[in-house]
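First, one chain by itself: the form predicted on its own, in structure tokens.
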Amino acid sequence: MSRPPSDSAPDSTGPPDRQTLRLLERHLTSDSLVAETAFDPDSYEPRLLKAFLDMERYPESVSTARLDIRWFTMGDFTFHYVEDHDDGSQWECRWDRHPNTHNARLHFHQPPAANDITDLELPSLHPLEVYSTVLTAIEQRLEDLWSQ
């Protein structure tokens, strides 16, 4: 795992943090919400970690759901949650930490289209704490879907 993030880091994400991606993959494979994981392009040089979520947990109106994760050596990351619905629509949101011109380095792309962006504060930027925050939000989304 790379060094702890700092907001004084340069305007670069650095290369993918393979060790952190593998750590997150180990946690995802033990989560009951996750059906399958895959690295892109492969497990030897991973740049992206995909978690395909268990569709048995979703209402029938949701055809697919996945979480795409990127983690970089400078402590930057992207957790992109995407649902595809039977009517052709998508519901998505994203937790990001990276250099940009639109918001603070740490920000959130709000659902349903991830177009509206707000600055974000998290209690910790440790990968497992960010992971826990994101998975808790996805569990809440599931509860909301079933209550509709």
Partner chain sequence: MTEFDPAPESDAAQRRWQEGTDTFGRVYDVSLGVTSPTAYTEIAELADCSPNAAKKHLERLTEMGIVRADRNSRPAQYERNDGYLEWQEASQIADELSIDEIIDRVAALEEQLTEYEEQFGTTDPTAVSVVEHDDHEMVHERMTAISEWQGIIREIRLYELARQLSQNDGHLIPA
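Residue numbers count along the first chain shown, from 1. Please read these numbers as outputs of a predicted model, since none were measured by experiment.
One more form of this protein, predicted together with the partner chain, exists but is not displayed; see below.
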Please run the contact check for residue 31 against the partner chain in the model of the complex: heavy atoms, 4.5 angstroms, yes or no? yes
Taking 4.5 angstroms as the cut-off for heavy atoms, does residue 60 touch the partner chain in the model of the complex? no
Please check if residue 117 has a heavy atom lying within 4.5 Å of any heavy atom of the partner chain in the model of the complex. yes
With a 4.5 Å heavy atom cut-off, would you call residue 84 a contact of the partner chain in the model of the complex? no
Going by the partner chain in the model of the complex, which residues of 116-148 come within 4.5 Å of it through any heavy atom? 117, 120, 121, 122, 123, 124, 126, 127, 128, 129, 131, 132, 133, 135, 136, 137, 139, 140, 141, 144, 148
